[in-house]
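Single chain ahead, by itself, as structure tokens, in the form predicted on its own.
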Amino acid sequence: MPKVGMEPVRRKALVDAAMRVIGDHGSLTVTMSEIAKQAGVSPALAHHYFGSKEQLLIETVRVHLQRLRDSVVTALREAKSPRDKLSAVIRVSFQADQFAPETIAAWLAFYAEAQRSEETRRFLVIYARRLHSNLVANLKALCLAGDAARIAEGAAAMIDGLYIRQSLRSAPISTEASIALTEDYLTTNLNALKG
């Protein structure tokens, strides 16, 4: 007989384990057994909760995007000015749990999977739209809408690009350096509009 109240705990453990195992492998070619073992549950229980590996992977993407969203919302609430809010979005994008090697590897695997899975692609499009929206909304307070959209595209491309460079591990860039590069891009572009 299953223990009452354990389902949310085990589901979370499986989602967290999926992110770690995918990150360790650097691809989605992991098995439900590997994920279940990492989570400390049986493969049968993993299948019971999620039905298939694909559903567990989709839930993993959804949960991690929700965590990122929650972190951004909290950081935006704490920031005072539009420029501070831009810095908050950048900081959250490179915070330790997002910039960990296994997390970066998992995200890259999810991007690769989005070429085949419409549902995974949909979640990643939502992430890109949220990032763009958060950047544009705060840039509009500092410049014209057209400039805001252009600068936001560049900043989002830098964030995603720095993730890719970090995944190469041949020339790793620190969290602080990633934040500084992205901040410098924003400052340079905003200052150029004043000139």
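The numbering used is simple: start at 1 and walk along the sequence shown. Keep in mind that this is a model prediction, so the values were computed, not measured.
Although not depicted, the form predicted together with a further copy of the same chain is the subject of the following passage.
Using a 4.5 angstroms threshold between heavy atoms, Ser27 counts as touching a further copy of the same chain in the model of the complex. The closest heavy atom approach of Gly40 to a further copy of the same chain in the model of the complex falls outside 4.5 Å. Looking at Ala192, you'd find a heavy atom of it within 4.5 angstroms of a further copy of the same chain in the model of the complex.
Interface membership of Arg62, defined by any non-hydrogen atom within 4.5 Å of a further copy of the same chain in the model of the complex, is ruled out. Looking at 155 to 163, 137 to 145, 66 to 74, 32 to 40, the stretch with residues near a further copy of the same chain in the model of the complex, meaning non-hydrogen atoms within 4.5 angstroms, turns out to be 155 to 163. Every member of the trio Tyr111, Leu124 and Leu168 reaches a further copy of the same chain in the model of the complex with some non-hydrogen atom inside 4.5 Å.
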